[in-house]
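The chain below stands alone and is given in structure tokens; this is the form predicted alone.
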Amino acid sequence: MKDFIGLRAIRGAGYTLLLLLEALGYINHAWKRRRALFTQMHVIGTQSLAITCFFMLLVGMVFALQTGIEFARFGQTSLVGLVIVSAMVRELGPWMTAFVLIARVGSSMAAEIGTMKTSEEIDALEVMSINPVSFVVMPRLIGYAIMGPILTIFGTLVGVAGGALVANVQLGVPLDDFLRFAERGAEPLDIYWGLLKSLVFSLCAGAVACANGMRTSGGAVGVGRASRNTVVVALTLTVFLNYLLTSFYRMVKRLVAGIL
């Protein structure tokens, strides 16, 4: 019961939340830490672009194929474009991109900070009167928050392209029909909500990674534990937050429809 992921998440939630708020409080130091910030943006964004796009391409292709198989039973394969765009923009784009970044960036970020902690580099910063949250955590968190939504945009577009390819080649849906129905699949509110989800997931995953790294102890074993916990907890929180945001989206959608 001691290692149950729910208890582990609850136990560290307070520290993680306080660390997130403290790091955001140092956002005015971003220009002073711009070199570290740009480095993190490169590592999180540029170096993750290829794997994110490839992953999302496969997700879009599989989702289009599975959806098309079911629609074919009713002779409605032309609706694949509508479903693909709607799902990719609101759900699969932000969600799957967050999963890729957690696996690729979150674990390594926790391990990097954990190594700094166990090798007493964090203590050395404090001795030199340099706030470790401003110097170490803030650039990583802000870089994550900036690049997460950007990668989501690219990943979503590639995923839709993969769905269009499968719809045309394997399901026989003309590209014109796919695009015609795709235009109805995403309203401006859907796009904004997808980007909001991506921002929330990025802040959540970045905060969890930094918190686990900053609390690392026990040498190499502790670094491995911090990396593992980051992936498990961040994935769990992402799924949970996705459910909450999706539920809240329904309320917002009904409210907007009532006003209009």
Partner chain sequence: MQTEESSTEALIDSTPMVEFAGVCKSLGNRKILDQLTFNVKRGETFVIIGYSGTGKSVTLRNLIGLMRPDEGSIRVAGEEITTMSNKELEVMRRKFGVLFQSGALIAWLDLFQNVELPLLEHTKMSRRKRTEIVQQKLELVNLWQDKDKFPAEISGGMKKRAGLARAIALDPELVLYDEPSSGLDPVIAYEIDKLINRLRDQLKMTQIVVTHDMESAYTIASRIGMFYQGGMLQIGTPDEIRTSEIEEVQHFITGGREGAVSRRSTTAIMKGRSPTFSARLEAGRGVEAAEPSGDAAPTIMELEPESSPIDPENKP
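As the structure is a prediction and not an experimental result, all values here were calculated from the model. Numbering follows the first chain given and starts at 1.
Just so you know, the form predicted in complex with the partner chain exists too; it's not on screen, but the next bit is about it.
Contact with the partner chain in the predicted bound form holds for all three of R33, S129 and V136, each having a heavy atom within 4.5 Å.
Note on the interface: of 109 to 117, 179 to 187, 67 to 75, 160 to 168, the segment with non-hydrogen atoms within 4.5 angstroms of the partner chain in the predicted bound form is 109 to 117. Between the partner chain and the residues A103, A124, L175, I153, the one pair within 4.5 Å by heavy atoms in the predicted bound form involves A124. For R90, no non-hydrogen atom is located within 4.5 Å of the partner chain in the predicted bound form, even though that partner is not displayed.
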